[in-house]
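Before any questions on how it binds or moves, here is one chain, the form predicted on its own, in structure tokens.
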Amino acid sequence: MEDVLIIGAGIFGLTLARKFREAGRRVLVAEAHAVGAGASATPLGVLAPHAPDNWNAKKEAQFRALTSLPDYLKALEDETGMAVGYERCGRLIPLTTENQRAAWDRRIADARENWHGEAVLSPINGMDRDWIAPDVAPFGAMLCGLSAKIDARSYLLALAASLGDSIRTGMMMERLEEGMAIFSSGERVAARRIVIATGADAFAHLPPTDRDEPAGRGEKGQAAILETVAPVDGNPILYHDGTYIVPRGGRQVAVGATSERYFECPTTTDALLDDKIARAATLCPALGGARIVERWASVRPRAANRALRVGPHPSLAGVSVATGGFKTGLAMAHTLDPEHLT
């Protein structure tokens, strides 16, 4: 019998497995496909804070996660010898109207108060015309100094390396019984604690909400990696109207992402991604002549209340759930406390 059985080798499953191992527990991670086979392996890897105004507990928790993440990643890199590509590069937000400029100007003081000197909002007037088209930002831009990026795939591989032989792939969970998971192969694995960390699929194992709605849903996102003609190192993330442009090093740039509530296939890409790439090219002249290196799609877990769903299963003894990261999983995973699962 295992001490802890974690189903799913995404960011939540791997992070919790590492925390349980550090606490001296014997852990098995059962993954249906491969490490990072789902939404955790996004090409974007954006770590962006909420706006600093109208401060609340949710924003404070995310702020603490973003500011504690570098030390956590440094420890992981030192342990494994594997780089995860973290950089607090900032995020450039074009300002298209006077009202938008005024609103962001007011937020400068909010950031100074609520970010405790960790980072600032900086108005930018003279911009690199190769990185941001002049007509996109007629009222300048704001640089969010707290925003960062990470190579999500390298992060997942480093977490997996820290777990050694505790991960088994090709294990598709079929159902749960008390103290036991049954897999499609017929194998039965008993454990004192079972954690379902299968992203959007985890909601199928949860009862509906008080409004008789599903506990959560999957929302598809499509993204791409492009190779530019010239290097784009040193640029911040560019974000405008739902489109992210993320320099990944050298001549590689990630572009995305779509948000699709209704879709037929979770892993195929289509014209929606084509439109996103075209939109990115109008924002960023550096993408002119870029070729597509990779097209990617996956389904992100979105809880009904849009919050993380981390805690004991409401009816299955010894079973816990860790999902609902949606767009914040990479930033928040390291703050998960195994004690909250019981």
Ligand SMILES: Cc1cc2nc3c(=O)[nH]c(=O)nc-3n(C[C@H](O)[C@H](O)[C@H](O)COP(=O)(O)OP(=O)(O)OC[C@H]3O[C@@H](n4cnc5c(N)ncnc54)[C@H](O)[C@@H]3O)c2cc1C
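Since the structure is predicted, the reported quantities are computational estimates derived from the model, not experimental observations. Each residue number is its position in the shown sequence, starting from 1.
There is also a form predicted together with the ligand; it is not shown, and the following applies to it.
In the predicted complex, residue 172 approaches the ligand with a heavy atom inside 4.5 Å. Of the heavy atoms in residue 327, some are within 4.5 Å of the ligand in the predicted complex.
The shortest heavy atom separation between residue 201 and the ligand in the predicted complex is within 4.5 Å. In the predicted complex, no heavy atom of residue 63 sits within 4.5 Å of the ligand.
Residues with any non-hydrogen atom within 4.5 angstroms of the ligand in the predicted complex fall in just one of 185-193, 96-104, 218-226, 113-121: 218-226. Taking 51, 277, 287, 32 one by one, only a single residue has any non-hydrogen atom within 4.5 Å of the ligand in the predicted complex, and it is 32. Residues from 45-61 that approach the ligand in the predicted complex with a non-hydrogen atom closer than or equal to 4.5 Å are 45, 46, in the order they occur in the chain.
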